[in-house]
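Take a look at this single chain, the form predicted alone, given in structure tokens.
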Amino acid sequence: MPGTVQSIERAAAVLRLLAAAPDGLGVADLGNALGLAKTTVHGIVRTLHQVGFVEQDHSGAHYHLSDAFGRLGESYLDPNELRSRAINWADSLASRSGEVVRVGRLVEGKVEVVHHVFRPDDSDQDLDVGTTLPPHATALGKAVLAYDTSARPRSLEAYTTRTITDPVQLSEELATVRSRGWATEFEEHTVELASIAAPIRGLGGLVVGAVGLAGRIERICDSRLRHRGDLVSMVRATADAIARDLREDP
């Protein structure tokens, strides 16, 4: 039987101590209570602070549990943070691909668009920021739904004749997304449109959203109606770049 992970045990101990200290504790206090060196404790609380579980007081001398720790069932990443880290990369993707680009995250079973870049031409387009998309019928949605099965819609509404409405088929589709690392959609949400998306991973590898592009089938797919490999590579590289930025210190 495998043993326990010491670093997780220590982090859990720090969280328990902070939960019992409403006024917060300093690194020395935590170290004394756990019999650990200050450098070790500092590394633990710094990581817990980075993932949003603890906060520092105004003096910076004491740590206490953050409000986010009490809301573990919610997304830990502020949508403004996701958008700010994604803007430059999403804009670049739209410029290189010539297509609409969206960044989204799961909220109450829907995909909320937190950033939208217009297709770089002179056509009339509506801003989608703040709107929601069905996760089972869009590449953007599948890219996040594949890693959060608890958010799977109870009812799979049909938007076109190609929309996946069978739970077994959707499970198979999401397994494919996980195995290859990217998602596609072909006339499942809107007739004559196709899309490609890839998950964005935050701290610890947790999927916090997705970035994708969408456009007319003849531009997104090749002559055999397969999603173009060059666009898939662009989308995946963009997701990786956003993820790197999210993992960096503010």
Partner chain sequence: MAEQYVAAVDQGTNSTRCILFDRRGRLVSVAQREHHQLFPRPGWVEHDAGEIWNNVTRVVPAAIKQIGATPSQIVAIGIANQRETSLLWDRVTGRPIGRAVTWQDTRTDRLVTELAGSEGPDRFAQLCGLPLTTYFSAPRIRWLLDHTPGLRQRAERGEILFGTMESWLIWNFTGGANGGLHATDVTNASRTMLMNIETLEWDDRLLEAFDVPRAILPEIRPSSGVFATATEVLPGVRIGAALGDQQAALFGQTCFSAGEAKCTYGTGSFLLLHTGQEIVRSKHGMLTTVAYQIGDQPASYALEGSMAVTGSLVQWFRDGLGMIHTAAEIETLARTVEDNGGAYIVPAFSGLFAPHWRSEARGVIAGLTGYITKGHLARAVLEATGFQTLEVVDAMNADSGIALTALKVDGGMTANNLLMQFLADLLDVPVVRPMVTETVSLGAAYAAGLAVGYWPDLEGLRSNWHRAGQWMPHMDPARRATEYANWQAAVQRTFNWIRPEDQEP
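Numbering follows the first chain given and starts at 1. Bear in mind that the values here come from a model prediction, so they are computed numbers and not experimental data.
Below, we turn to the form predicted together with the partner chain, even though it does not appear here.
With the partner chain left out of view, the stretch that reaches within 4.5 Å of it through heavy atoms in the model of the complex is, among 158-166, 173-181, 84-92, 132-140, 84-92. With respect to the partner chain in the model of the complex, the three residues 10, 15 and 23 uniformly fall beyond 4.5 angstroms at the level of their nearest heavy atom. Interface membership of residue 147, defined by any non-hydrogen atom within 4.5 Å of the partner chain in the model of the complex, is ruled out. With a 4.5 Å cutoff on heavy atoms, residue 127 counts as touching the partner chain in the model of the complex. Residue 247 falls outside the set of residues with a heavy atom inside 4.5 Å of the partner chain in the model of the complex. None of the heavy atoms of residue 29 is located within 4.5 Å of the partner chain in the model of the complex.
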